[in-house]
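Form predicted alone, single chain, as C-alpha coordinates, below.
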Amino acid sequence: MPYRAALAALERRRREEIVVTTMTSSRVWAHVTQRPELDLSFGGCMGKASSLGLGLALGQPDRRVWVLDGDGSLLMNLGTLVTIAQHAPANLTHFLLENGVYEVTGGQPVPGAGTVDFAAMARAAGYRAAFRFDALDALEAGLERALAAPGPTFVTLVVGPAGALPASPGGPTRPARSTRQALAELRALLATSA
(Lines give C-alpha, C1' and ligand atoms only; values in the text may rest on other atoms or scores of the structure.)
Protein backbone atom coordinates (compact mmCIF):
# COMPACT_ATOMS: atom_id res chain seq x y z
CA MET A 1 0.00 0.00 0.00
CA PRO A 2 1.24 3.56 -0.48
CA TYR A 3 3.28 4.79 2.49
CA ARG A 4 1.59 8.17 2.79
CA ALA A 5 -1.91 6.71 2.36
CA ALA A 6 -1.26 4.26 5.21
CA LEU A 7 -0.21 7.07 7.54
CA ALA A 8 -3.15 9.21 6.42
CA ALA A 9 -5.46 6.34 7.43
CA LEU A 10 -3.90 6.40 10.91
CA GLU A 11 -4.23 10.17 11.15
CA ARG A 12 -7.94 9.99 10.32
CA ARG A 13 -8.41 7.71 13.35
CA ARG A 14 -6.11 9.66 15.69
CA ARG A 15 -7.61 11.58 18.60
CA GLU A 16 -5.32 12.46 21.55
CA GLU A 17 -2.55 9.91 20.97
CA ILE A 18 1.08 10.89 21.34
CA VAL A 19 2.83 9.82 18.12
CA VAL A 20 6.55 8.99 18.10
CA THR A 21 8.15 8.87 14.65
CA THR A 22 11.60 8.15 13.33
CA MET A 23 13.51 8.28 10.05
CA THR A 24 11.17 7.98 7.01
CA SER A 25 8.01 7.91 9.12
CA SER A 26 8.99 11.35 10.52
CA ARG A 27 9.24 12.80 7.01
CA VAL A 28 5.91 11.39 5.87
CA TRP A 29 3.98 11.93 9.12
CA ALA A 30 4.85 15.65 8.98
CA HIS A 31 2.72 15.84 5.82
CA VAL A 32 -0.38 14.16 7.31
CA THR A 33 -0.47 15.07 11.01
CA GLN A 34 -3.19 17.36 12.28
CA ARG A 35 -1.85 17.40 15.85
CA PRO A 36 1.87 18.29 15.60
CA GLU A 37 1.87 19.39 19.24
CA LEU A 38 1.44 15.71 20.18
CA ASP A 39 4.15 14.45 17.79
CA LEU A 40 7.72 13.54 18.69
CA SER A 41 10.08 13.06 15.78
CA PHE A 42 13.03 11.02 17.02
CA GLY A 43 15.36 11.29 14.02
CA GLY A 44 19.00 10.37 13.99
CA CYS A 45 18.38 7.57 16.49
CA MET A 46 17.62 4.64 14.23
CA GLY A 47 16.07 1.87 16.29
CA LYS A 48 15.20 3.90 19.38
CA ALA A 49 11.70 5.26 18.69
CA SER A 50 10.07 2.23 20.28
CA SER A 51 12.16 2.69 23.44
CA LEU A 52 11.08 6.32 23.67
CA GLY A 53 7.48 5.25 23.04
CA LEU A 54 7.72 2.71 25.85
CA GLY A 55 8.93 5.37 28.27
CA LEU A 56 6.11 7.70 27.27
CA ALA A 57 3.51 4.94 27.58
CA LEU A 58 4.73 4.04 31.07
CA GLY A 59 4.94 7.71 32.12
CA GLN A 60 1.50 8.60 30.68
CA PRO A 61 -0.61 5.48 31.36
CA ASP A 62 -3.89 7.35 30.74
CA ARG A 63 -2.90 8.45 27.23
CA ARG A 64 -2.45 6.27 24.14
CA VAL A 65 1.01 6.27 22.55
CA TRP A 66 1.68 5.27 18.95
CA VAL A 67 5.15 4.48 17.66
CA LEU A 68 5.64 4.71 13.89
CA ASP A 69 8.73 2.56 13.38
CA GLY A 70 10.47 1.33 10.25
CA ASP A 71 11.63 -2.19 9.46
CA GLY A 72 15.24 -1.03 9.15
CA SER A 73 14.99 0.84 12.45
CA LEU A 74 13.43 -2.10 14.28
CA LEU A 75 16.15 -4.40 13.01
CA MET A 76 18.67 -2.12 14.76
CA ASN A 77 17.01 -2.81 18.13
CA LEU A 78 15.05 -6.07 18.09
CA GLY A 79 15.49 -6.36 21.85
CA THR A 80 12.90 -3.62 22.22
CA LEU A 81 10.18 -6.17 21.42
CA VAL A 82 11.01 -8.21 24.51
CA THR A 83 11.44 -5.12 26.71
CA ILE A 84 8.08 -3.68 25.64
CA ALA A 85 6.37 -7.04 26.15
CA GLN A 86 7.88 -7.39 29.62
CA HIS A 87 6.58 -3.98 30.72
CA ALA A 88 3.26 -4.61 28.90
CA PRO A 89 1.92 -1.08 28.58
CA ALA A 90 -1.75 -1.44 27.65
CA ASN A 91 -1.70 2.02 26.03
CA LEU A 92 1.08 1.37 23.47
CA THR A 93 0.52 0.61 19.79
CA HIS A 94 3.71 -0.11 17.86
CA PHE A 95 3.21 0.40 14.12
CA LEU A 96 5.86 -0.97 11.79
CA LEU A 97 6.13 0.56 8.31
CA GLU A 98 7.63 -2.35 6.39
CA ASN A 99 8.98 -1.08 3.07
CA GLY A 100 11.94 -3.45 2.79
CA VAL A 101 14.60 -0.75 2.44
CA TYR A 102 16.73 1.64 4.42
CA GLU A 103 15.11 4.54 2.60
CA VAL A 104 16.82 7.40 4.44
CA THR A 105 20.31 6.08 3.69
CA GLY A 106 19.85 5.34 0.00
CA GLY A 107 17.36 2.52 -0.44
CA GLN A 108 19.54 -0.45 0.46
CA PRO A 109 17.46 -3.57 1.16
CA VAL A 110 17.01 -4.46 4.83
CA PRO A 111 18.14 -7.97 5.83
CA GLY A 112 15.31 -10.45 5.45
CA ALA A 113 13.21 -8.08 3.34
CA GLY A 114 10.04 -9.88 2.27
CA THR A 115 10.71 -12.96 4.40
CA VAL A 116 10.69 -11.74 8.02
CA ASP A 117 7.32 -11.82 9.80
CA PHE A 118 7.64 -8.96 12.28
CA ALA A 119 4.12 -9.43 13.67
CA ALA A 120 4.97 -13.06 14.50
CA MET A 121 8.19 -11.88 16.18
CA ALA A 122 6.21 -9.43 18.31
CA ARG A 123 3.73 -12.15 19.31
CA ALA A 124 6.60 -14.49 20.18
CA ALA A 125 8.21 -11.72 22.27
CA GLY A 126 4.99 -11.37 24.29
CA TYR A 127 2.97 -8.56 22.71
CA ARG A 128 -0.70 -9.10 23.58
CA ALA A 129 -1.88 -8.58 20.01
CA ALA A 130 -0.28 -8.38 16.56
CA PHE A 131 -1.74 -7.54 13.17
CA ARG A 132 -0.47 -7.29 9.61
CA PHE A 133 -2.02 -5.24 6.81
CA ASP A 134 -0.68 -5.26 3.26
CA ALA A 135 -3.48 -3.36 1.49
CA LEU A 136 -5.16 -0.05 2.23
CA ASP A 137 -8.69 -1.46 2.17
CA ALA A 138 -7.66 -4.17 4.67
CA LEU A 139 -6.11 -1.51 6.91
CA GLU A 140 -9.23 0.64 6.75
CA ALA A 141 -11.39 -2.40 7.58
CA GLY A 142 -9.20 -3.72 10.41
CA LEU A 143 -7.71 -0.63 12.02
CA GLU A 144 -10.43 -0.16 14.64
CA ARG A 145 -10.02 -3.76 15.78
CA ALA A 146 -6.25 -3.35 16.03
CA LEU A 147 -6.54 -0.11 17.99
CA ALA A 148 -9.12 -1.62 20.36
CA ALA A 149 -6.89 -4.58 21.23
CA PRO A 150 -5.30 -4.45 24.68
CA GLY A 151 -1.67 -3.42 24.34
CA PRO A 152 1.04 -3.64 23.81
CA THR A 153 -0.16 -4.07 20.26
CA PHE A 154 2.01 -4.50 17.17
CA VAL A 155 0.72 -3.54 13.72
CA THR A 156 2.74 -4.21 10.56
CA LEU A 157 1.84 -2.00 7.62
CA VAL A 158 3.38 -3.35 4.40
CA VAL A 159 4.07 -0.23 2.33
CA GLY A 160 6.06 0.85 -0.67
CA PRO A 161 8.95 3.30 -0.37
CA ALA A 162 7.83 6.81 0.55
CA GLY A 163 9.79 8.40 -2.27
CA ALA A 164 10.25 12.12 -2.66
CA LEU A 165 7.96 14.44 -0.74
CA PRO A 166 7.24 18.13 -1.25
CA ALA A 167 9.24 20.63 0.76
CA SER A 168 8.52 21.12 4.44
CA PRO A 169 4.75 21.04 5.13
CA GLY A 170 3.32 24.34 6.25
CA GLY A 171 6.27 26.22 4.71
CA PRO A 172 8.14 28.76 6.79
CA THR A 173 5.25 29.18 9.24
CA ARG A 174 5.88 25.70 10.65
CA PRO A 175 9.60 25.38 11.36
CA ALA A 176 11.12 22.06 12.31
CA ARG A 177 11.47 21.45 16.05
CA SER A 178 14.35 19.65 17.65
CA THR A 179 13.56 16.56 19.70
CA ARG A 180 14.47 18.51 22.82
CA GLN A 181 12.02 21.32 21.89
CA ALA A 182 9.29 18.82 21.04
CA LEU A 183 9.75 17.01 24.37
CA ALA A 184 9.63 20.29 26.32
CA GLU A 185 6.49 21.40 24.49
CA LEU A 186 4.82 18.03 24.95
CA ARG A 187 5.73 17.98 28.65
CA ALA A 188 4.14 21.43 29.10
CA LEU A 189 1.02 20.41 27.13
CA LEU A 190 0.58 17.24 29.18
CA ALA A 191 1.04 19.14 32.44
CA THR A 192 -1.76 21.55 31.54
CA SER A 193 -4.12 18.79 30.39
CA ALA A 194 -3.64 16.64 33.52
Partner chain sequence: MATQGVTAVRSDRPGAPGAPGAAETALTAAGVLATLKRCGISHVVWLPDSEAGFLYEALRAAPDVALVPVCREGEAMAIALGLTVAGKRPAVVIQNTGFFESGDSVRGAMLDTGFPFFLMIGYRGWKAGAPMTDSAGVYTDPVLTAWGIRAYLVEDDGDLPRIEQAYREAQDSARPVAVLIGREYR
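Source: prediction; values computed, not measured. Positions refer to the first chain, counted from 1.
Heads up, the form predicted in complex with the partner chain isn't pictured, but that's what we're talking about next.
**Student:** Only one of 45, 129, 32, 136 comes within 4.5 Å of the partner chain in the predicted bound form by heavy atoms, so just point that one out.
**Tutor:** Checked against the cut-off, the match is 45.
**Student:** Could you spot which one of 82, 101, 116, 88 gets a heavy atom to within 4.5 Å of the partner chain in the predicted bound form?
**Tutor:** Spelling it out, the residue with a heavy atom inside the cut-off is 82.
**Student:** At 4.5 Å between heavy atoms, only one of the stretches 37-45, 22-30, 66-74, 141-149 reaches the partner chain in the predicted bound form; which one is it?
**Tutor:** Partner-contacting stretch among the options: 37-45.
**Student:** Contact between residue 125 and the partner chain in the predicted bound form at 4.5 Å, heavy atoms?
**Tutor:** Judged by the heavy-atom cut-off of 4.5 Å, residue 125 is well away from the partner chain in the predicted bound form.
**Student:** Classify residue 161 as contacting or not contacting the partner chain in the predicted bound form by the rule of any non-hydrogen atom within 4.5 angstroms, answering yes or no.
**Tutor:** Flag for residue 161 set to no.
**Student:** Using the partner position in the predicted bound form, report whether residue 56 sits within 4.5 Å of the partner chain, counting heavy atoms only.
**Tutor:** Close contact exists here: in the predicted bound form, residue 56 approaches the partner chain to within 4.5 Å, heavy atoms only.
**Student:** How about residue 1 - does it come within 4.5 Å of the partner chain in the predicted bound form, if we only consider non-hydrogen atoms?
**Tutor:** No - in the predicted bound form, heavy atoms of residue 1 and the partner chain never come within 4.5 Å of each other.
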